[in-house]
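One chain comes next, on its own, written out as structure tokens in the form predicted alone.
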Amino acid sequence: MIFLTKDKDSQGKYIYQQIYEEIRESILKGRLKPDEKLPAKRTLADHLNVSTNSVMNAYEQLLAEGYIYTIERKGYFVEKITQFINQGDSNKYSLPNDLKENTFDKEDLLSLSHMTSNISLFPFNEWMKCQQKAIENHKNELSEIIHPQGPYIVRKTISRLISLNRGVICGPEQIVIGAGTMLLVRQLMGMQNKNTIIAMENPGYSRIYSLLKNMEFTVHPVQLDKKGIRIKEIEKVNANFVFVTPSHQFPTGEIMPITRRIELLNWASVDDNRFIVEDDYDSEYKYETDNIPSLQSLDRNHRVIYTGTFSKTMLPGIRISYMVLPPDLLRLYHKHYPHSMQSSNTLNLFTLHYFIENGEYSRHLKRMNNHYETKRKILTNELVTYFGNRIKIEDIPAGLHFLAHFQTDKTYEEIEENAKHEKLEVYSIKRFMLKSQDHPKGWISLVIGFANILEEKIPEAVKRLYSVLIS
């Protein structure tokens, strides 16, 4: 065992770890042979001038991992270890460049992204009080595996909230809570026959589109008109499921009028295998007039699956979304997922319950509506002032983004590169085109988000945008 050494200057490693690693390496490289006896603990300790405990801890770790075995009163011996084949040099390993994440310094980055939300006004102190109350009142539930759809008390609170705010008609039993809308859509469509044909708004939510395509469904992008998704096109592709965002179309921002809503519901009502998935992702934000009722509130034939999220109204990282299943699909859900587990954080769910129950959620929502309405006006005014007749804004007072068209000779690819150079986060309509379509020559469209840009930074953001598009 003369080859064993110890390094007193080894950073962050105890003596027993150094001994363990050297013996392990010697076994793996064949320097120590199967059934070869290791030195007695005291002998090796004296040789290395370390404590017997250090050697004993190293031996015990090797024994636990199966590198050595022990025979009572005889000592420790090397196990017969299966050798690696084609083993590369771990010291030379590095992650391929195409798999490395492109991290960048966010300092001085200004965001006009539709995906962000503003947490500067979030009442964290009130949230923490609700969290403490959740811990005090739900210790047993926090130590158990909860109901796969989420705790009943939380679903009851959500059902009451969306009934008051969105007109959604449902019982707590119909609500399925999950860590994000994508996960819930995967569960929903995982219950469907692979022959199911799906229609989606174009432009639309590209992440859902990619998810459904990866699940090997036939997905047809359907063009929009001023009233929303075209019913005749849905009928033409013989769709069974239609994904829509009627209260604030993503990304155009259009609000589906009552006529088209009724047409869509009538389409679904004529066949038991037709369903509408209503994504109500940011409909809590409506300016100048009252909120637009949900499509589900008009449904009397149980054809609408309603989905919502707390990511836009609270914190994106909280990962609490929900869907409301009609009775027949709820029964199918129970059949398909009898052993599923709730994906959202249990403590956050109970905290949300008290946050809503004590009225803090409603107060926060009202506060943010006023905040976002002011910010939206400042941004649109600044854009018009800066760009003049080079801009056309789809001025629909709802949500946390709007669509704007700009006159420019730049391509979408050039705009993306320029935006990186200017440290401006902004997304073009190209990202959401599920199927290509013609655009007016000399014009491009951007989805402008305003949730996470500080009011005092808006002029600078618009200046950078001008440089991206015009300069």
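One-based numbering along the sequence shown. Whichever C-alpha set is largest while still superposing within 1.5 Å between the two forms counts as the rigid core. In this text, all values refer to a predicted model and were calculated from it rather than measured experimentally.
Another form exists, predicted in complex with another copy of the chain; not displayed. Remarks below refer to it.
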(message) I need to confirm a contact call. Of 258, 365, 191, 197, which residue comes within 4.5 Å of another copy of the chain in the predicted complex, counting heavy atoms only?
(response) 258
(request) Could you work out which of 302, 220, 230, 390 is the residue within 4.5 angstroms of another copy of the chain in the predicted complex, going by heavy atoms? (result) 302
(request) Determine which one of 353-361, 374-382, 144-152, 275-283 lies within 4.5 Å of another copy of the chain in the predicted complex, judging by heavy atom distances; exactly one does. (result) 144-152
(message) Please tell me whether the candidate spot formed by 165, 243 and 470 is one where all three residues come within 4.5 Å of another copy of the chain in the predicted complex (heavy atoms).
(response) no
(message) Is residue 266 near another copy of the chain? Define near as a heavy atom within 4.5 Å, in the predicted complex.
(response) yes
(message) Considering non-hydrogen atoms and a 4.5 Å limit, does another copy of the chain approach residue 293 in the predicted complex?
(response) yes
(message) Does any part of residue 101 reach within 4.5 Å of another copy of the chain in the predicted complex? Heavy atoms only, please.
(response) yes
(request) Decide whether residue 28 counts as a contact residue for another copy of the chain in the predicted complex under a heavy atom distance cut-off of 4.5 Å. (result) yes
(request) Taking only heavy atoms into account, state which residues of 14-41 are within 4.5 Å of another copy of the chain in the predicted complex, ordered by sequence. (result) 16, 17, 20, 28
(message) For a quick test of reading the superposition: does residue 439 move by 2 Å or more at the CA between the shown form and the other one, rigid core aligned?
(response) no
(message) Does residue 463 shift between the shown form and the other one by 2 angstroms or more at the C-alpha, the core having been superposed?
(response) no
(message) On a rigid core superposition, would residue 333 pass a 2 Å threshold for CA movement between the shown form and the other one?
(response) no
